[in-house]
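First, one chain by itself in structure tokens, the form predicted alone.
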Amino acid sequence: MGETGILSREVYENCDGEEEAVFYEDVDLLQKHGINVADIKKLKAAGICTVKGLQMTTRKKLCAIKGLTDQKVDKLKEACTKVTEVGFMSALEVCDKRKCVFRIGTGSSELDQLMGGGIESMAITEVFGEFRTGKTQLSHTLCITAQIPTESYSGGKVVFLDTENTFRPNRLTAIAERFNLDQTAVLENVLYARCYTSDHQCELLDLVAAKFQEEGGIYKLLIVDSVMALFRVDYSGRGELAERQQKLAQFMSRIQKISEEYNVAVFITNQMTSDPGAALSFQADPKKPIGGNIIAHASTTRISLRKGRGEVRIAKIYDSPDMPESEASFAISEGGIIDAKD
């Protein structure tokens, strides 16, 4: 892996993780089944770069792509079924498929233990909490830990979508120093984009999908910090709530599909809001994560963060399909997220 432990394209191709390298079929394969190059280019321009990605796209959305008629969409879907089978599989087959799922460490062994080993791939992990609970610091730490190979994980690059202008490269260099990594190499392996509107945030996913396809198996983590900030600004009041939730649902659906399509981990941060109905129902905490049921159902694992003493923060499993509800403490240091000292 070299002195820095940072993964490169050449090293990756010599890794044992061959399954990751051929995890998906490129849409170029459809040429063998009568689809012309021009139509494949149109798909790629819309961020549909894999056969699985095509399967995950509705006919309505395909017809909305300029130059694709109903007949062409039917032909695409037909060619898709010839390349890969669509239908049921046994639980044993699902179990085998999930063997390629990996977990990215957080920098804190206690937090990793709480999450079953770290941030899971092919899933969305959401953390929410008030300001200064460590959401952005955890995002910065993951930018580094995602690049560090372990016995069961090959390491890779990161995409960071920043909606609140909180990304700081100097934090990455400080965290890299903690892990004795080459600071320049670390920064080169993080692809950063500043989002200015919720539309821009959604449009960037097409570029993310293209990048993941272009460097197959190299990217391991997609971070969105924070997922709701721009939706909150662009859609205000009850009159625009339905439209906001619809756009948000489309965004969450897309990142979920990207995580499964390219076997990457997705990490999103979320804000809190006061719940006016909490006082009437005698809830202990009158605050709740924003985004409503859309975020709640789309996120695979939800973790709440709250302040402890000093630099200590407490993380709690809020919702998870396979992890029990429990808590863990961690601390924020110059070198990122670490275990809390007793």
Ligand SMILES: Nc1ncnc2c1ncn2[C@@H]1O[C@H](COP(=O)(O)OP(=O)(O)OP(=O)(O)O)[C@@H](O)[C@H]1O
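All residue numbers are counted from 1 along the displayed sequence. Values in this document were obtained by computation on a predicted structure and should not be read as measured data.
The same protein also exists as the form predicted in complex with the named molecule; that form is not shown, yet it is the one meant from here on.
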Task: Which of 248-256, 124-132, 71-79, 184-192 sits within 4.5 Å of the named molecule in the predicted bound form, heavy atom basis - done: 124-132
TODO: Determine whether any heavy atom of Thr145 comes within 4.5 Å of a heavy atom of the named molecule in the predicted bound form, and answer yes or no.
DONE: no
- [ ] Spell out, yes or no, whether the shortest heavy atom distance between Glu327 and the named molecule in the predicted bound form is within 4.5 Å.
- [x] no
Open item on the list: Within 4.5 Å, heavy atoms only: does Ser333 come near the named molecule in the predicted bound form?
Closed with: yes
Open item on the list: I'd like to check something about Arg313: if you look in the predicted bound form, is any of its heavy atoms closer than or equal to 4.5 Å to a heavy atom of the named molecule?
Closed with: yes
TODO: Identify which of Arg244, Arg171, Arg103, His200 has a heavy atom within 4.5 Å of the named molecule in the predicted bound form; exactly one of them does.
DONE: Arg171
